[in-house]
Each structure stands twice: as structure tokens, then as C-alpha cells.
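Only one chain is given next, in C-alpha cells, and it is the form predicted alone.
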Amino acid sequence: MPTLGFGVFQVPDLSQAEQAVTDALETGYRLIDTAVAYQNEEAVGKPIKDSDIPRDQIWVTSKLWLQDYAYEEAKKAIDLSLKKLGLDYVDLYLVHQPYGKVDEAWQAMEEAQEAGKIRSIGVSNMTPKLWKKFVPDFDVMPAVNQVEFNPYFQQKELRQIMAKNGVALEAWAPLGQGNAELFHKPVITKMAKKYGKDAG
């Protein structure tokens, strides 16, 4: 899984999303993150197919939304995501919000993984409390928990729980949702200088 990814949250205009993904791939991004709820999966798949980059060099993440968590609905939603993306498989598929019939959604995702439709399965926005409620009943441990994570929101308790289970944390809003103040914090600028990097 690439270290740095490009997400298309809040880009529901399909032509804009398609251009953004095209530009991201040309810039060098190899992880593209979308979701059913973003309403732009088809705009992610087209530039991937149109690029000269081999499919196995592009990591595609999508996410199952709440209304599709019941088992049969989840199976249909996974197939619909693949159809909209125009891909044979996704590299990572997540339970987007851990509420409702999470157990049924997870079962459908486990089966899709076994069938080769999904390479890895994971969760998103799973707090320590919700982790303890759902994950112990999963047959397959999540590969990833995608949560807000940045210097302002360090997820210490959650990281301890995940480390015990060998689960990777994937950050959304790693730059503090574009909070300019973060880039000028002395501790950040001092470390950036030490390592020859910019504050981002």
C-alpha cells in the first residue's frame, strides 16, 4: 500500500473528479481513495483504465455505505462498486461508518475477499469503543482502520488497540484538514528543518 494517497471526498462533480484523478496519477500518486458515499466511483475508474500505468501499480480504495450493510445489500453494493469503477478488483474496501449491521457487511466483505473481488478489507472511523463492540466477532481481522489522524488528533488509545492486532492506521486529514496554523507550529517547523523537509 503506498504511503501517500489522493482522496476524492467532496468532489461529486464527475468531470472534476475524473480530471483530479488524472492529474493525481500524472503527478505520481498511486493510491486513489473513493467511496460509495462520495458518488464518484466511476470518475475514479476511468482515468485508471485510460492511464498507461499497470493496474497492479495503482492502489484503489473504496468504502461501503450505511444503507448497504445488510448482507444481501452489501453483496450487491460491492459488485456495483466494481462495476462503477470498471475494475475486476479493489485493493482495499472499508466499512465506512461502523453503525448498524456491521457484522453482515463484514461477512459479505470477507466473502468478496475470498472470491478475489477485494484484496484487503478494513474499517473506517472505528473508535476504541466501536472496535471493542464489533471487531472481536470478525473472522478476519481488518487490515486497516482509516481514521482522522494528525498532530492535533493522535488517536493514542486506538493505536494501542490496533498495534496489539497488527492493524495499520490509515490517516484521513493528516494535515489537520488544511489548518494553516499546523504548518507554523514550532515543533513541526523544527522537525521539518532537522529532516530537510517542508512542514507538510
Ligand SMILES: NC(=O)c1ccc[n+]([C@@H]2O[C@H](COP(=O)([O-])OP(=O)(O)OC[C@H]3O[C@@H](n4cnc5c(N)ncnc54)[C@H](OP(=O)(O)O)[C@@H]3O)[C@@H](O)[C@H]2O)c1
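Counting begins at 1, following the sequence as shown. Predicted, not measured: the structure shown is a model, and the values here were computed from it.
Separately, the form predicted in complex with this ligand exists; it is not shown, and the next lines address it.
For a residue to qualify, one of its non-hydrogen atoms must sit within 4.5 Å of this ligand in the predicted complex; none of 106, 110 and 121 qualifies. Residue 127 falls outside the set of residues with a heavy atom inside 4.5 Å of this ligand in the predicted complex. Using a 4.5 angstroms threshold between heavy atoms, residue 59 stays clear of this ligand in the predicted complex. Remark: residue 38 counts among the residues lining this ligand in the predicted complex, judged by a heavy atom distance of 4.5 Å or less. Residue contact check for residue 33: one or more of its heavy atoms lie within 4.5 Å of this ligand in the predicted complex.
Looking at 159-187, the residues that come within 4.5 Å of this ligand in the predicted complex, counting any heavy atom, are 172, 173, 174, 175, 176, 177, 178, 183.
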